[in-house]
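Presented as C-alpha coordinates, the chain that follows is alone, the form predicted on its own.
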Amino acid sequence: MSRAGIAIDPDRLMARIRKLGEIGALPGGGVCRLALTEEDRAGRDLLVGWMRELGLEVRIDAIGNIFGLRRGREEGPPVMTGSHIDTVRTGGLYDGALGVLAGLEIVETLDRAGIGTRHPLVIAAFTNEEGARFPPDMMGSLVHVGALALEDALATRGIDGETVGACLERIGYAGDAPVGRPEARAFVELHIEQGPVLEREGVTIGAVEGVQGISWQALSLRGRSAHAGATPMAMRRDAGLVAAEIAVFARRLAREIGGDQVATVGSLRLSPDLVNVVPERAELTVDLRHTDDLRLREAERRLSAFAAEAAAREGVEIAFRQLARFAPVAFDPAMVARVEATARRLGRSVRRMPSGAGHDAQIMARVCPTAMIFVPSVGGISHNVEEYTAPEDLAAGAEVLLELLLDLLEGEGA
(Lines give C-alpha, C1' and ligand atoms only; values in the text may rest on other atoms or scores of the structure.)
Protein backbone atom coordinates (compact mmCIF):
# COMPACT_ATOMS: atom_id res chain seq x y z
CA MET A 1 0.00 0.00 0.00
CA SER A 2 1.24 3.49 -0.84
CA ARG A 3 2.12 6.12 1.74
CA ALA A 4 -1.17 7.80 0.84
CA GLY A 5 -2.97 4.76 2.27
CA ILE A 6 -4.35 3.61 -1.07
CA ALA A 7 -3.72 0.52 -3.18
CA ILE A 8 -4.43 -0.50 -6.74
CA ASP A 9 -7.11 -3.13 -7.43
CA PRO A 10 -5.34 -6.13 -9.04
CA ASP A 11 -8.62 -7.67 -10.24
CA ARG A 12 -9.64 -4.46 -11.98
CA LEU A 13 -6.25 -4.19 -13.67
CA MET A 14 -6.43 -7.83 -14.81
CA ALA A 15 -9.97 -7.36 -16.12
CA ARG A 16 -8.85 -4.53 -18.40
CA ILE A 17 -5.86 -6.54 -19.62
CA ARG A 18 -8.12 -9.48 -20.49
CA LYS A 19 -10.75 -7.25 -22.14
CA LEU A 20 -8.17 -5.58 -24.39
CA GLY A 21 -6.75 -9.04 -25.10
CA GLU A 22 -10.06 -10.08 -26.65
CA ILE A 23 -9.34 -7.72 -29.55
CA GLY A 24 -7.21 -9.56 -32.08
CA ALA A 25 -7.28 -12.70 -29.93
CA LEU A 26 -5.31 -15.70 -31.18
CA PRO A 27 -5.65 -19.38 -30.33
CA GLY A 28 -3.52 -20.18 -27.31
CA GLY A 29 -4.17 -16.89 -25.52
CA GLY A 30 -2.17 -14.41 -27.56
CA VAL A 31 -3.16 -11.40 -29.66
CA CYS A 32 -2.43 -9.89 -33.06
CA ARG A 33 -2.95 -6.12 -33.19
CA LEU A 34 -0.49 -4.93 -35.79
CA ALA A 35 -0.21 -1.15 -35.82
CA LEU A 36 -2.97 0.76 -37.62
CA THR A 37 -5.00 -2.32 -38.57
CA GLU A 38 -8.70 -2.71 -37.82
CA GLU A 39 -7.75 -4.63 -34.67
CA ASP A 40 -5.56 -1.73 -33.56
CA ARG A 41 -8.46 0.64 -34.23
CA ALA A 42 -10.77 -1.44 -32.05
CA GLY A 43 -8.17 -1.51 -29.28
CA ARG A 44 -7.74 2.24 -29.51
CA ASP A 45 -11.51 2.76 -29.37
CA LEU A 46 -11.71 0.67 -26.20
CA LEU A 47 -8.80 2.55 -24.61
CA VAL A 48 -10.18 5.98 -25.48
CA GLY A 49 -13.57 4.92 -24.10
CA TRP A 50 -11.98 3.92 -20.80
CA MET A 51 -10.05 7.19 -20.65
CA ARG A 52 -13.22 9.22 -21.13
CA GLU A 53 -15.10 7.14 -18.56
CA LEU A 54 -12.38 8.12 -16.08
CA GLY A 55 -12.80 11.81 -16.95
CA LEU A 56 -9.47 12.15 -18.73
CA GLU A 57 -9.10 14.80 -21.42
CA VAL A 58 -8.16 12.82 -24.53
CA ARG A 59 -5.81 14.25 -27.11
CA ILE A 60 -4.72 12.47 -30.31
CA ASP A 61 -1.83 13.84 -32.32
CA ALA A 62 -1.04 13.68 -36.03
CA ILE A 63 0.84 10.37 -35.77
CA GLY A 64 -2.00 8.80 -33.77
CA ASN A 65 -0.44 8.90 -30.31
CA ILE A 66 -3.17 8.90 -27.64
CA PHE A 67 -2.78 11.02 -24.49
CA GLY A 68 -5.22 11.07 -21.56
CA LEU A 69 -4.76 14.05 -19.21
CA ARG A 70 -5.73 14.12 -15.52
CA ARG A 71 -5.39 17.70 -14.40
CA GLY A 72 -3.44 18.74 -11.32
CA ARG A 73 -3.88 21.64 -8.93
CA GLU A 74 -1.22 23.48 -10.87
CA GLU A 75 -0.75 23.97 -14.60
CA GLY A 76 2.49 23.04 -16.28
CA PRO A 77 4.28 20.05 -17.78
CA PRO A 78 2.75 16.74 -16.71
CA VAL A 79 4.25 13.61 -15.28
CA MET A 80 3.75 10.90 -17.92
CA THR A 81 3.37 7.15 -17.86
CA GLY A 82 2.28 4.67 -20.52
CA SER A 83 3.52 2.43 -23.31
CA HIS A 84 1.74 1.00 -26.39
CA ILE A 85 -1.11 -1.35 -27.36
CA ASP A 86 0.05 -2.53 -30.80
CA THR A 87 1.56 -6.02 -30.93
CA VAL A 88 3.62 -8.27 -33.15
CA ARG A 89 1.76 -10.87 -35.24
CA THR A 90 2.08 -13.48 -32.49
CA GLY A 91 1.91 -11.24 -29.43
CA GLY A 92 0.88 -11.77 -25.83
CA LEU A 93 -1.51 -9.95 -23.50
CA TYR A 94 1.02 -7.96 -21.49
CA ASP A 95 3.70 -6.47 -23.78
CA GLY A 96 2.93 -2.75 -23.92
CA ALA A 97 -0.65 -3.10 -22.71
CA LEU A 98 0.43 -3.42 -19.07
CA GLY A 99 2.08 0.00 -19.06
CA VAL A 100 -0.97 1.74 -20.51
CA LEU A 101 -3.59 -0.08 -18.47
CA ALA A 102 -1.65 0.23 -15.21
CA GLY A 103 -1.77 3.98 -15.84
CA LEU A 104 -5.56 3.82 -16.09
CA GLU A 105 -5.71 1.73 -12.91
CA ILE A 106 -3.70 4.38 -11.07
CA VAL A 107 -6.06 7.12 -12.29
CA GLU A 108 -9.07 5.14 -11.07
CA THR A 109 -7.37 4.41 -7.75
CA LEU A 110 -6.68 8.11 -7.17
CA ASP A 111 -10.20 9.08 -8.25
CA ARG A 112 -11.89 6.59 -5.93
CA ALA A 113 -9.74 7.77 -3.02
CA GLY A 114 -10.54 11.41 -3.81
CA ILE A 115 -6.87 12.27 -4.21
CA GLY A 116 -5.83 15.16 -6.39
CA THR A 117 -2.23 15.89 -7.30
CA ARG A 118 -0.13 18.99 -7.60
CA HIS A 119 1.00 18.29 -11.15
CA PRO A 120 -0.98 16.89 -14.09
CA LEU A 121 -0.71 13.22 -15.04
CA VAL A 122 -0.79 11.96 -18.63
CA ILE A 123 -1.39 8.36 -19.70
CA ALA A 124 0.22 7.78 -23.12
CA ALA A 125 -0.33 5.08 -25.75
CA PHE A 126 2.26 5.56 -28.49
CA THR A 127 1.69 4.50 -32.11
CA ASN A 128 3.59 1.62 -33.72
CA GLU A 129 6.03 0.86 -30.93
CA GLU A 130 6.68 -2.62 -32.28
CA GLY A 131 7.63 -1.66 -35.83
CA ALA A 132 6.31 -5.05 -36.93
CA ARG A 133 4.26 -3.56 -39.77
CA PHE A 134 5.98 -0.21 -40.35
CA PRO A 135 9.68 0.45 -39.62
CA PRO A 136 11.10 1.88 -37.49
CA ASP A 137 9.88 0.70 -34.12
CA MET A 138 9.03 3.39 -31.53
CA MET A 139 7.68 5.46 -34.42
CA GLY A 140 5.05 7.35 -32.43
CA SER A 141 7.41 8.37 -29.65
CA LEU A 142 10.11 9.35 -32.17
CA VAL A 143 7.67 11.73 -33.87
CA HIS A 144 6.47 12.97 -30.47
CA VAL A 145 9.95 14.08 -29.41
CA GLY A 146 10.80 15.53 -32.82
CA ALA A 147 13.39 12.88 -33.72
CA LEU A 148 11.44 11.67 -36.79
CA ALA A 149 9.74 14.09 -39.17
CA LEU A 150 5.98 13.65 -39.31
CA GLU A 151 5.93 13.69 -43.10
CA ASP A 152 8.54 10.93 -43.25
CA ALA A 153 6.62 8.81 -40.77
CA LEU A 154 3.33 9.28 -42.64
CA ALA A 155 4.97 8.29 -45.92
CA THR A 156 6.46 5.08 -44.49
CA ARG A 157 5.32 2.02 -46.41
CA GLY A 158 4.66 -1.15 -44.44
CA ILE A 159 5.24 -4.82 -45.14
CA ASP A 160 1.85 -4.94 -46.91
CA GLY A 161 2.51 -1.87 -49.10
CA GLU A 162 0.19 0.43 -47.14
CA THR A 163 1.39 3.80 -45.86
CA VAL A 164 1.16 5.02 -42.28
CA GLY A 165 -0.74 8.15 -43.32
CA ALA A 166 -3.39 6.28 -45.32
CA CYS A 167 -3.92 3.78 -42.50
CA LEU A 168 -4.25 6.50 -39.86
CA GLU A 169 -6.92 8.18 -41.95
CA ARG A 170 -8.71 4.88 -42.58
CA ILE A 171 -8.96 3.93 -38.91
CA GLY A 172 -9.84 7.46 -37.82
CA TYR A 173 -6.77 8.21 -35.71
CA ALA A 174 -5.06 10.94 -37.71
CA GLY A 175 -5.42 13.43 -34.87
CA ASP A 176 -5.15 17.20 -34.99
CA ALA A 177 -2.88 17.76 -31.99
CA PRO A 178 0.59 19.00 -33.00
CA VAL A 179 3.67 16.80 -32.74
CA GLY A 180 7.27 17.55 -31.88
CA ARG A 181 6.47 19.67 -28.81
CA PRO A 182 6.99 17.32 -25.88
CA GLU A 183 6.46 18.67 -22.39
CA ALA A 184 6.95 16.33 -19.48
CA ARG A 185 8.38 16.57 -15.97
CA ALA A 186 9.23 12.87 -16.10
CA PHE A 187 8.24 9.65 -17.84
CA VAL A 188 7.93 6.23 -16.19
CA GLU A 189 7.09 3.06 -18.12
CA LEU A 190 5.96 -0.18 -16.48
CA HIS A 191 6.67 -3.22 -18.65
CA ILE A 192 7.15 -6.95 -18.52
CA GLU A 193 10.81 -7.92 -18.68
CA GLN A 194 10.45 -10.07 -21.85
CA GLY A 195 13.46 -12.04 -20.66
CA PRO A 196 14.31 -14.65 -17.99
CA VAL A 197 16.47 -12.77 -15.47
CA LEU A 198 13.93 -11.69 -12.83
CA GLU A 199 12.18 -15.06 -12.72
CA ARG A 200 15.47 -16.98 -12.64
CA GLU A 201 16.74 -14.91 -9.71
CA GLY A 202 13.44 -14.82 -7.83
CA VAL A 203 13.25 -11.01 -7.98
CA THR A 204 9.95 -9.14 -8.39
CA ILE A 205 11.01 -5.70 -9.65
CA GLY A 206 13.61 -4.64 -12.18
CA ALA A 207 14.97 -1.09 -11.96
CA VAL A 208 15.99 -0.62 -15.59
CA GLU A 209 19.25 1.26 -16.03
CA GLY A 210 19.11 1.55 -19.81
CA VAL A 211 18.23 -0.03 -23.15
CA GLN A 212 20.43 -1.92 -25.59
CA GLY A 213 21.41 -0.37 -28.88
CA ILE A 214 19.41 -1.72 -31.81
CA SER A 215 20.31 -2.09 -35.49
CA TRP A 216 17.77 -3.40 -38.02
CA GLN A 217 18.83 -4.04 -41.62
CA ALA A 218 17.02 -5.40 -44.64
CA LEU A 219 19.15 -7.25 -47.19
CA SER A 220 17.99 -7.83 -50.77
CA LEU A 221 19.73 -10.50 -52.82
CA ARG A 222 19.33 -11.06 -56.57
CA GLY A 223 20.74 -14.09 -58.32
CA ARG A 224 19.31 -16.06 -61.24
CA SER A 225 16.48 -18.59 -61.23
CA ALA A 226 17.40 -21.92 -62.82
CA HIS A 227 16.25 -25.52 -63.06
CA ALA A 228 17.05 -27.36 -59.82
CA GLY A 229 17.94 -30.57 -61.61
CA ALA A 230 19.55 -29.44 -64.84
CA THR A 231 21.79 -26.64 -63.51
CA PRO A 232 25.25 -27.78 -62.27
CA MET A 233 26.16 -26.51 -58.79
CA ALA A 234 29.15 -24.58 -60.11
CA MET A 235 26.94 -22.61 -62.54
CA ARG A 236 24.35 -21.41 -60.02
CA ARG A 237 23.72 -17.90 -58.73
CA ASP A 238 21.67 -18.96 -55.73
CA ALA A 239 20.22 -16.09 -53.70
CA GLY A 240 18.80 -18.58 -51.21
CA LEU A 241 22.21 -20.01 -50.46
CA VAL A 242 23.65 -16.57 -49.70
CA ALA A 243 20.69 -15.77 -47.43
CA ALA A 244 21.24 -19.00 -45.53
CA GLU A 245 24.96 -18.28 -45.14
CA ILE A 246 24.17 -14.83 -43.73
CA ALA A 247 21.71 -16.29 -41.24
CA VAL A 248 24.25 -18.83 -40.00
CA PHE A 249 26.96 -16.16 -39.82
CA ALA A 250 24.72 -13.87 -37.73
CA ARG A 251 24.46 -16.56 -35.04
CA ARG A 252 28.22 -17.21 -35.13
CA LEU A 253 28.90 -13.47 -34.97
CA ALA A 254 26.87 -13.08 -31.78
CA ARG A 255 28.79 -15.93 -30.15
CA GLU A 256 32.16 -14.52 -31.20
CA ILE A 257 31.48 -10.97 -29.98
CA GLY A 258 29.92 -12.38 -26.82
CA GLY A 259 28.67 -10.46 -23.82
CA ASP A 260 25.29 -8.89 -24.50
CA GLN A 261 25.51 -9.28 -28.28
CA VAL A 262 22.46 -10.87 -29.91
CA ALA A 263 21.63 -11.39 -33.59
CA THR A 264 18.42 -12.54 -35.23
CA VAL A 265 17.30 -13.20 -38.80
CA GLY A 266 13.58 -12.78 -38.22
CA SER A 267 12.25 -12.57 -41.78
CA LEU A 268 13.43 -14.56 -44.80
CA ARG A 269 11.53 -14.77 -48.10
CA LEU A 270 12.61 -16.52 -51.28
CA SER A 271 11.39 -16.06 -54.82
CA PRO A 272 10.05 -17.79 -56.86
CA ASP A 273 9.68 -20.04 -53.77
CA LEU A 274 9.33 -23.30 -55.71
CA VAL A 275 10.72 -26.71 -54.82
CA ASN A 276 12.42 -27.27 -58.18
CA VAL A 277 13.78 -23.77 -58.92
CA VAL A 278 17.03 -22.20 -57.72
CA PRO A 279 15.97 -19.03 -55.87
CA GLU A 280 16.47 -15.85 -57.87
CA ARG A 281 15.67 -13.45 -55.05
CA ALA A 282 15.96 -13.45 -51.28
CA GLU A 283 14.81 -10.79 -48.84
CA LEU A 284 15.91 -11.05 -45.21
CA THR A 285 16.20 -8.92 -42.11
CA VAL A 286 18.94 -8.89 -39.49
CA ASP A 287 18.35 -7.58 -35.95
CA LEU A 288 21.57 -6.79 -34.02
CA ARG A 289 21.61 -5.54 -30.41
CA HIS A 290 24.25 -4.73 -27.81
CA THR A 291 24.57 -2.55 -24.71
CA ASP A 292 27.92 -1.22 -25.99
CA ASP A 293 27.65 0.92 -29.13
CA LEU A 294 31.25 0.17 -30.18
CA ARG A 295 30.53 -3.56 -30.10
CA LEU A 296 27.28 -3.00 -31.99
CA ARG A 297 29.15 -1.09 -34.69
CA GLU A 298 31.68 -3.94 -34.89
CA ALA A 299 28.81 -6.41 -35.41
CA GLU A 300 27.30 -4.22 -38.13
CA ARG A 301 30.65 -3.90 -39.92
CA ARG A 302 31.44 -7.61 -39.79
CA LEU A 303 27.96 -8.61 -40.93
CA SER A 304 28.07 -6.24 -43.92
CA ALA A 305 31.53 -7.44 -44.94
CA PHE A 306 30.57 -11.11 -44.72
CA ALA A 307 27.30 -10.61 -46.63
CA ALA A 308 29.06 -8.73 -49.44
CA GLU A 309 31.77 -11.41 -49.68
CA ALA A 310 29.24 -14.29 -49.69
CA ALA A 311 27.20 -12.59 -52.40
CA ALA A 312 30.28 -11.98 -54.55
CA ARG A 313 31.35 -15.63 -54.28
CA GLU A 314 27.97 -16.75 -55.61
CA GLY A 315 27.66 -14.04 -58.27
CA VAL A 316 24.65 -12.55 -56.48
CA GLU A 317 23.84 -8.82 -56.30
CA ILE A 318 23.25 -7.45 -52.81
CA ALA A 319 21.66 -4.27 -51.46
CA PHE A 320 21.48 -3.10 -47.84
CA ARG A 321 18.76 -0.91 -46.29
CA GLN A 322 18.83 0.39 -42.72
CA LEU A 323 15.38 -0.01 -41.13
CA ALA A 324 16.19 1.31 -37.66
CA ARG A 325 19.25 2.35 -35.66
CA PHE A 326 19.23 3.35 -32.00
CA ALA A 327 22.31 3.83 -29.86
CA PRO A 328 22.24 2.37 -26.34
CA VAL A 329 20.37 4.59 -23.87
CA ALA A 330 21.17 5.15 -20.18
CA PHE A 331 18.24 6.27 -18.05
CA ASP A 332 18.48 9.15 -15.59
CA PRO A 333 20.48 7.80 -12.60
CA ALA A 334 18.31 9.62 -10.07
CA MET A 335 15.15 8.14 -11.59
CA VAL A 336 16.64 4.63 -11.58
CA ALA A 337 17.54 5.09 -7.91
CA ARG A 338 13.98 6.20 -7.18
CA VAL A 339 12.56 3.04 -8.74
CA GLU A 340 14.93 0.93 -6.66
CA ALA A 341 14.22 2.82 -3.43
CA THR A 342 10.46 2.77 -4.01
CA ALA A 343 10.46 -0.99 -4.53
CA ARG A 344 12.45 -1.54 -1.34
CA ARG A 345 10.19 0.80 0.61
CA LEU A 346 7.23 -1.35 -0.44
CA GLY A 347 9.04 -4.51 0.62
CA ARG A 348 9.66 -5.78 -2.92
CA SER A 349 12.83 -7.51 -4.03
CA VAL A 350 14.56 -5.46 -6.72
CA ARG A 351 17.65 -5.51 -8.91
CA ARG A 352 19.14 -3.11 -11.43
CA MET A 353 19.30 -4.42 -14.98
CA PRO A 354 19.44 -3.42 -18.66
CA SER A 355 16.60 -3.91 -21.13
CA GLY A 356 17.25 -6.17 -24.10
CA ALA A 357 14.16 -4.89 -25.91
CA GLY A 358 13.44 -1.43 -27.27
CA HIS A 359 10.82 0.76 -25.56
CA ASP A 360 9.19 4.16 -25.91
CA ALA A 361 10.96 5.09 -22.67
CA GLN A 362 14.32 5.14 -24.48
CA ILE A 363 12.92 7.79 -26.83
CA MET A 364 11.31 9.83 -24.04
CA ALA A 365 14.69 9.83 -22.26
CA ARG A 366 15.82 12.37 -24.87
CA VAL A 367 13.46 15.03 -23.49
CA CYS A 368 12.86 14.34 -19.79
CA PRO A 369 14.06 12.27 -16.81
CA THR A 370 12.92 8.72 -17.55
CA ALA A 371 12.79 5.33 -15.86
CA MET A 372 11.38 1.87 -16.43
CA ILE A 373 9.96 -0.72 -14.03
CA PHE A 374 10.17 -4.39 -15.04
CA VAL A 375 8.16 -7.31 -13.71
CA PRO A 376 8.98 -10.98 -14.41
CA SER A 377 8.09 -12.84 -17.60
CA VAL A 378 7.45 -16.52 -16.98
CA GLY A 379 10.05 -18.54 -18.88
CA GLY A 380 11.41 -15.31 -20.32
CA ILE A 381 8.84 -15.69 -23.12
CA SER A 382 7.49 -12.68 -25.03
CA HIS A 383 6.41 -11.90 -28.60
CA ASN A 384 4.69 -15.26 -28.25
CA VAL A 385 1.11 -16.31 -27.51
CA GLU A 386 2.41 -18.03 -24.35
CA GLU A 387 3.66 -14.74 -22.86
CA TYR A 388 2.61 -14.67 -19.19
CA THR A 389 3.23 -12.66 -16.04
CA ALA A 390 1.58 -13.72 -12.78
CA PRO A 391 -1.20 -11.38 -11.56
CA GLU A 392 0.63 -10.83 -8.26
CA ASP A 393 3.70 -9.60 -10.17
CA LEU A 394 1.57 -7.33 -12.35
CA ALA A 395 0.06 -5.86 -9.19
CA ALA A 396 3.49 -5.44 -7.57
CA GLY A 397 4.74 -3.48 -10.56
CA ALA A 398 1.63 -1.29 -10.58
CA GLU A 399 2.07 -0.61 -6.85
CA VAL A 400 5.65 0.56 -7.40
CA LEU A 401 4.46 2.70 -10.32
CA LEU A 402 1.70 4.26 -8.17
CA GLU A 403 4.08 5.12 -5.35
CA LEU A 404 6.69 6.59 -7.69
CA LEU A 405 4.12 8.61 -9.63
CA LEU A 406 2.69 10.03 -6.40
CA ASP A 407 6.17 11.25 -5.44
CA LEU A 408 6.68 12.83 -8.86
CA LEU A 409 3.20 14.33 -8.99
CA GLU A 410 3.69 16.13 -5.67
CA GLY A 411 7.39 16.96 -5.95
CA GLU A 412 9.30 20.09 -6.82
CA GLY A 413 11.26 18.33 -9.54
CA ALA A 414 11.55 15.03 -11.34
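In this text the structure is predicted, and so the values were computed from the model without any measurement. Note that residue numbering begins at 1 and tracks the sequence as displayed. Think of the rigid core as the biggest set of C-alphas that the two forms share within 1.5 Å after superposition.
Not pictured, yet referred to below: the form predicted in complex with another copy of the chain.
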Check your understanding: Even though another copy of the chain is not shown here, does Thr109 get within 4.5 Å of it in the predicted complex, heavy atoms only?
Key -> no
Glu245 versus another copy of the chain, in the predicted complex: is there a non-hydrogen atom within 4.5 Å? yes
- Message: Check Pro232 for me: does it contact another copy of the chain in the predicted complex (non-hydrogen atoms, 4.5 angstroms)?
- Response: yes
| request: May I ask you to state whether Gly266 is within 4.5 Å of another copy of the chain in the predicted complex, using heavy atom distances? | output: yes
Of the candidate stretches 148-156, 97-105, 329-337, 266-274, the one with residues having heavy atoms within 4.5 Å of another copy of the chain in the predicted complex is 266-274
Of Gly315, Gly180, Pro77, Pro196, the only residue with a heavy atom within 4.5 Å of another copy of the chain in the predicted complex is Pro196
Of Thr204, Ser225, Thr291, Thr117, the only residue with a heavy atom within 4.5 Å of another copy of the chain in the predicted complex is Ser225
Open item on the list: Can you confirm whether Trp216, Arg236 and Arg251, the three residues that make up this candidate site, all sit within 4.5 Å of another copy of the chain in the predicted complex, judged by heavy atoms?
Closed with: yes
Restricting to 279-298, the residues within 4.5 Å of another copy of the chain in the predicted complex through any heavy atom are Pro279, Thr285, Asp287, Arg289
Check your understanding: Core-aligned, does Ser271 move its Cα 2 Å or more between this form and the one not shown?
Key -> yes
Query raised in the report: Does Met235 count as moved between this form and the one not shown, where moved means a C-alpha shift of 2 angstroms or more after fitting the rigid core?
Result: yes
Under comparison with the form shown, the C-alpha atoms of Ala125 and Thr264 in the predicted complex shift by 3 angstroms or more, placing them farther
Working note: in the predicted complex the C-alpha atoms of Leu323 and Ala62, off by 3 Å or more, come farther
